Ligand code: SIN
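Okay, here we've got a single chain as structure tokens, the form predicted on its own, with questions on binding and movement later.
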């Protein structure tokens, strides 16, 4: 079994009340004696995979300042880089590393649909990505080496960025606090807090737990696309009560109100919005990492679990559910499963942390409804068998 490290020196309830989306927090030794599950050699190997999202940022030593390069990268790529002032960023490393996926579960005190992924950065001495801000919350876990973080708490204007750079850098950055993080330390930053992290050592690795904060244009674009597919195409404007008017060019208030009502009635549909949102927030942006499903029967599934094979969640599968009076809507990567409320314990188990899942799974094998749903999820690639 993979070595599981546990988040310590941390009170989730107090954190949510005092810090979440309010102010930064340094968690000293959040992971005491931290053992990094993804050292530089493994990270560089992932960066060479064409399906990985990898970038290198060179503050110095490139063709221009703050040069941005996109992967995949070979070993020779890194050999040709300068001895200082560059950073490798690899997105979604929890999809590549089971121990990091387990670590991500420590942050389930935040609803799962809000959690995006882990981005891992490797930097040599002086490596950094410049002073910038993120539009989402982030926990910065120092894994190896030391990194100095400079934090600015003043509001950032929308146009306060340097022009003509491939990376979005702040034009004016005045740090108000400085922290030096060592392995096991964690720095939490709310959205739009300016920050600048600089590697103090040659083997500086940071795991960044990022959160999903969709922008309103993205939300509306996806919802309206969904609506266009779901709406009755036969719905049209109609005015059987039309009366004679002396102003033929006038769009009168009555007509405008009918249009407003037609739009509001079909767009502002709470039941439809809820179900669309469950699909929207469980969509996975790493579609290239989704596993093909395994065709399996109910009896085969039960037998393989009884013989000791581990059934694991696909790290690239996002689960959430909506609970209503008589139904549960379970979502997995945008797929919807409509279930009776009686299956709530089953849904809670499926979306639970891995440790809970592994402990409770054998006890559930006598429930036919559970096995039937599990067969569907295995066939869809959301669960897979593993010897590890």
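Positions refer to the first chain, counted from 1. In this text, all values refer to a predicted model and were calculated from it rather than measured experimentally.
Unshown form predicted together with succinic acid; subsequent notes refer to it.
In the model of the complex, at least one heavy atom of residue 132 sits within 4.5 Å of a heavy atom of succinic acid.
Succinic acid in the model of the complex comes within 4.5 Å of a heavy atom belonging to residue 147. In the model of the complex, succinic acid lies within 4.5 Å of some heavy atom of residue 119. Although the partner is absent from this view, residue 195 contacts succinic acid in the model of the complex, with a non-hydrogen atom inside 4.5 angstroms.
Contact with succinic acid in the model of the complex, defined as a heavy atom within 4.5 Å, holds for exactly one of 186, 124, 89, 104, namely 89.
140 is the sole member of 140, 301, 100, 315 with a non-hydrogen atom within 4.5 Å of succinic acid in the model of the complex. Note that among 307-315, 81-89, 270-278, 246-254, the stretch whose heavy atoms approach succinic acid to within 4.5 Å in the model of the complex is 81-89.
Residues in 313-348 all lack a heavy atom within 4.5 Å of succinic acid in the model of the complex.
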